[in-house]
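Quick setup: one chain, the form predicted alone, written in structure tokens, and binding and motion questions come after.
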Amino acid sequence: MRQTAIKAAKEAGKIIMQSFKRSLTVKHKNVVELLTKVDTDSERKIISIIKEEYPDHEIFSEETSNKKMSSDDLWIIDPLDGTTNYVHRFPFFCVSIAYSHKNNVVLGVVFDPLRDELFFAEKNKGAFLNDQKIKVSDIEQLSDALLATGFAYERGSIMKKNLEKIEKFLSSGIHGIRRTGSAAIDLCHVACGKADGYWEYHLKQWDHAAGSLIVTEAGGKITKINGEDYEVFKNDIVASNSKIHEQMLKILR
């Protein structure tokens, strides 16, 4: 199963890189959310590879699914996480593929084709970057942390709430906050210690499903922003190296 997911991610990555820096036809899902032919071509390739091996499994994907699926065997896919970045040639985008059994993510693959970085994790087997085991950072104090966040497409109350949290974090004396525009990459950065924590409101399942497992298998922690246990079909999350988790929650609650 892991090899199927890796194959699908890498084949999708080839499609993404073939069109990078070329002229793109861009559609608008809404005022600010974008869609390209690369998204749909990448998704089509991923689904075909998975269905060839697992024809009875269901697919929950950004570009074709609009509801929660009922199957015990569910693949959760983002064929191009960071489409807006991709359209603007901002170099942070990836493919995200997760396999969930009975609503528990047991396999996660995130592929950054621009850097040729393949993150993957299987339940209880650790997390890896290009076959090298990874772990979260050892930072113990929030004041020593570098955090990451993102912004929802909704530009009203959710945006205002996050801006308030950013101000509180910066006032607490942290080293800084970064925003790549790809939730999956941000989670992988926490997993390999490039960032110490991450939070975001109003995500979709395909944004965080694969990355959530990669974080926990690297020794980190992920919960809802209210501190409750992580659930793949919930939207507000906070991830960390586990040591600063409660300190982050104190600000986010």
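Quick note: we count residues from 1 along the sequence shown, nothing fancier. Note that the structure is a prediction, hence the values are computed from the model and not measured.
The same protein also exists as the form predicted in complex with a small molecule; that form is not shown, yet it is the one meant from here on.
*Asks:* Just to confirm, with a 4.5 Å cut-off on non-hydrogen atoms, which of 135, 123, 179, 161 contacts the small molecule in the predicted complex?
*Replies:* By the 4.5 Å heavy-atom cutoff, the listed residue in contact is 179.
*Asks:* Is there a heavy atom of residue 151 lying 4.5 Å or less from a heavy atom of the small molecule in the predicted complex?
*Replies:* Yes, residue 151 lies within 4.5 Å of the small molecule in the predicted complex.
*Asks:* Is there a non-hydrogen atom of residue 203 within 4.5 angstroms of a non-hydrogen atom of the small molecule in the predicted complex?
*Replies:* Result yes; residue 203 sits at the interface with the small molecule in the predicted complex.
*Asks:* Using a 4.5 Å heavy atom cut-off, state whether residue 80 contacts the small molecule in the predicted complex.
*Replies:* It does: once the small molecule is placed as it appears in the predicted complex, residue 80 has a heavy atom within 4.5 Å of it.
*Asks:* Taking the small molecule as it sits in the predicted complex, is residue 43 in contact with it (heavy atom to heavy atom, 4.5 Å or less)?
*Replies:* Residue 43: no, not in contact with the small molecule in the predicted complex.
*Asks:* With the small molecule left out here, work out from 105-113, 168-176, 124-132, 81-89 which stretch has heavy atoms within 4.5 Å of it in the predicted complex.
*Replies:* Correct option: 81-89.
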